[in-house]
Each structure stands twice: as structure tokens, then as C-alpha cells.
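Just the one chain here, laid out as C-alpha cells, in the form predicted alone.
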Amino acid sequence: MKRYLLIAAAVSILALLPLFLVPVYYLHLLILVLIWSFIGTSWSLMGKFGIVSLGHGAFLGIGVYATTVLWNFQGLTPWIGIPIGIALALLLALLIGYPAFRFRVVGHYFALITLALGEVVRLSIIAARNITGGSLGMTPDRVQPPTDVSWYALQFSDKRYFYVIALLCWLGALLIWRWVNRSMTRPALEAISEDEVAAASMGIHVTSHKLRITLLSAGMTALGGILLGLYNQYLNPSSLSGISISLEIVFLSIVGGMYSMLGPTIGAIITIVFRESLRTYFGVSLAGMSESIYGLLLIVSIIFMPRGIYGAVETWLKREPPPSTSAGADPDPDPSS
């Protein structure tokens, strides 16, 4: 009960922030935190059940590039492009997930398949340079004037519009997490993560359950990528697909705590603050070092905090003090005496 009261209080504060004169830079950081929290929560829906994907950058890249290409070349509003981009990501997840789950490709083998998938998508985006701009990236052709607000193009000169959109998507991700956590799917997926053969012998349809949670995670990740592209108004294959972005998603989810609803949000806060601190204080002198530091922090987190920061704090708060014994009393009496 206390947890939900804290969440409600936090949401109320976040919802009221645009009414105050928050500096544009801090509002920008809050938008990035909310979007990356949404993406991290999407990945954690799979990760917490032992379905470890290292290629979620593929779904993120497919969604955002499909939406932008349709806008640039066909003039389709993002309201149409977003469902198409999500549908393409779902199709990709189905094509890679069904045979993998059907033939019981699990553990590090599944992780390697998804890792390769992310690179295939990144290299495909680079290869289609006539459409996507290749490694140089691309921007929406029909950018609105800086003083305009266009719901048709989902482009806003005032960051508060996009802040509200990002906040609603983040809340939606938390509701989906709660729904999965309270549904009959959770015990089935937990049984599958422990032993697929035993779960199948109990009548659990392993392939169906794993595929459903994968499709849900992939679709949400694609939506998160689309939000990121629409907000930044610039697409680059290295920052929206491939190994680098996939590992960043894994990093923020695991470090924050992928087993907790607010864990990815904490991970996103740490990631964004850390990245901006490096950029602000060191400029380009440490360009490219963030990925190495992410890797080191991920190793430390897995070894010393396997449930992430949120899980470690939660465990520490729930820890009961050892029972006190009165003076002269035997702390460990022999029951046979």
C-alpha cells in the first residue's frame, strides 16, 4: 500500500512540473528519463522471466525508421506510421521468436540470436542509405517551424507537450507491468524460466507464453524508439539500433532492477544523469567511454546487486534485526536437555 501511495505522490509531482517554470534543459532530461524508463520497462517484461534479449535495438530501430521513412517519402502522418512501425517490429519478433521458442533455443543461445538480429537491422539501415541516409542518419523532411505546434506531425516547439506524452506512455508501461504481474501469465512464465520441460509436462504451452511476452515487449520497445525519434528529430543507426543501444537498454534495466516495477526507471535516471555528466564535464575527451563504463558497472551490479539498486534497497528495508536475548539467557538452548 505504501508503495502505491509513493507512486501516486511521484506521479502527481511529475504531472504538475510543467505548470512551474522548469528550465528547458531539465525538462529535456526528464523527457529522456521517461522515454528510456518506458523502453527499459518494456525489456524487463522479458528479462525478469529469464528471456534475455541482447537485440532490442532491432525493434527500436525498425519502429522509428519505418515511421520516419513513411513520413518523408509518403507524407503519412505519424498517427498512421506509428502503428505500421510497431506492426513491423512485431512481425520481426514473430519471425525470430517463434522458431527459437519452438525449437527450445534458450539461454545464451537465444541471447546470441537476438544480438545478431540487432546488428543485422543496423547494417541493413546503413546499407539502405538512399532511403535512410546510411551512417550519416536522417531527419524528418517536413519539420515544423520552431513556433508551431502540430498534432498532425507530432512536432511541438514547446517541450511540455512532449513531456506530457512521455509521462502518459511511462504510466502506461507501469500499468502493463502491473497487469502482467497480476495475471495468470506470471506463474506460467516463472515455471518456464525454472524448467521448460517440467512446465510443459504440467500442461503449460511454453512457446505460446514466451511468444506473447516477447511480442508485447517488442511492440512497446518499438513505440519507445518512435517517441525517441520524434522527440530528437534525428535518427542515427548507431544510436537507435545495433549492439550499443541494446546493451544500454539491458544496462539500465539490470542496474535499476529488472524484477521491480520502478527498477528500470531508477536505471534510466542513473544512465541519463551519468551520460549528461560525462558530456558536460569532459566534453569530447571521453567520447565513447560511456559504453566501457556501462559494461564495468553492469558487471559490478550483477555480482554484488543481482536484483539491481531497487531490489537491494528493498531487501535492506525489509531486513529484520536479529532477535535480542536477555542477559544470562542461553541464546541457543539445546532442545534435548
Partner chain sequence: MLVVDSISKSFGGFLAVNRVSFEVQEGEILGLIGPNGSGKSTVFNLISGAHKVTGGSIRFEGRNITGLTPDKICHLGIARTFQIPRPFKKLSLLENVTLSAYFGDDALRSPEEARDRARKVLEIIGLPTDDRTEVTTLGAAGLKKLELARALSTQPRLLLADESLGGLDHQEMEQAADTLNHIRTELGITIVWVEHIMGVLMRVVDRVMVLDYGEKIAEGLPKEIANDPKVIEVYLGNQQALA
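Numbering follows the first chain given and starts at 1. Please read all numbers here as calculations on a predicted model, not as lab measurements.
As for the form predicted together with its partner chain, it is not shown, yet the points below apply to it.
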Given that the partner is absent here, does residue 201 sit within 4.5 Å of its partner chain in the predicted complex, heavy atoms only?
-> yes
Can you check whether residue 205 is within 4.5 Å of its partner chain in the predicted complex, heavy atom basis?
-> yes
Report yes if any heavy atom of residue 84 sits within 4.5 Å of a heavy atom of its partner chain in the predicted complex; otherwise report no.
-> no
Check whether residue 148 has any heavy atom within 4.5 Å of a heavy atom of its partner chain in the predicted complex, and answer yes or no.
-> no
From the candidate stretches 187 to 195, 149 to 157, 228 to 236, 170 to 178, select the single one in contact with its partner chain in the predicted complex, where contact means a heavy atom within 4.5 Å.
-> 187 to 195
